[in-house]
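Take a look at this one chain, the form predicted on its own, written out in structure tokens.
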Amino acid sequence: MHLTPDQTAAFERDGYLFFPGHFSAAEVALLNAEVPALYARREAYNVREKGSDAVRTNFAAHLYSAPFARLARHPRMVRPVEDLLGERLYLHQFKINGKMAFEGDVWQWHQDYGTWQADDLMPSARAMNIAVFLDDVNEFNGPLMFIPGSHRRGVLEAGHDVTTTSYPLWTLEHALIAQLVEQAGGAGRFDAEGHYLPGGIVAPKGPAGSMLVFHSCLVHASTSNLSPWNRVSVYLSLCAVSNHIRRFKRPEYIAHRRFEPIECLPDDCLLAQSAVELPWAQGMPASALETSPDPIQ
């Protein structure tokens, strides 16, 4: 899969692309079947919600789960980002975010690159996220919200929030968010037929199997999930190989330390069950927990 010139222009303008129903129901079913067992593990790579047993984020499943190892090498996910960055990619981060029914907590307003720069010393914003919905995403189960065009502002000043949720995040001040939303179109409006026309916040929604690509400086957030429907999504954070991180301040299961280019599998790799290596199949190595505040040589 490669992007068209119109898609590339839309990404440069808005900072994201949305592909509804990009993966089939059969492909999504294979991935979804893995999630309960992964979430049941009592491992450091399963971050649970504050005050709850619900999993907020599962990290690095591509190293111990065959279906997700295949997804990490899927051309439908990797090729569009190669087109946008014009370079081979490595996998900086792999996570399965579980915005679970009634228990999924908020993700505050933030830029992903803000964290990658501050914590990992990633040199520039030549990296982005690509996500696949494993559940239908609607207006009730905490959809991801974007401020279109906010990526063009570059890296914004952020504060390190270590108290709001169970996962520390570099977050943006409310006054700045209000300014960005107003600049992007404000509150939106209703037309004469009562249809809402989006303004400075958009929330892509669609069936399970839909895919999002978004810039690492695009400002985004999501509300808590008070609905009876899960909203689980897989995120690949893909980085240009030349732009690899320069510090191992965070554990390896969060920020990966192998910078070899991704070799894509065939497009049917999920259903064909293409062979993949699973280096953590027998358990996460102790080295994955080691960290250092010093830049790497």
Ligand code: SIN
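Not measured: the values here are computed from a predicted model. The first residue of the sequence shown is number 1, and the count goes up from there.
As for the form predicted in complex with this ligand, it is not shown, yet the points below apply to it.
Although the partner is absent here, N97 is a contact residue: one of its heavy atoms lies within 4.5 angstroms of this ligand in the model of the complex.
At the 4.5 Å threshold, heavy atoms of Y235 reach this ligand in the model of the complex. Residue contact with this ligand in the model of the complex: D135 places no heavy atom within 4.5 Å of it.
In the model of the complex, at least one heavy atom of D112 sits within 4.5 Å of this ligand. The contact residue chosen from T171, S210, S150, S222 relative to this ligand in the model of the complex is S222, the criterion being a non-hydrogen atom within 4.5 angstroms. The listed set A125, L144, L89, V181 contains one residue whose heavy atoms approach this ligand in the model of the complex to within 4.5 Å, identified as L144. From the list 183-191, 201-209, 79-87, 97-105, the contact stretch for this ligand in the model of the complex under a 4.5 Å heavy atom rule is 97-105.
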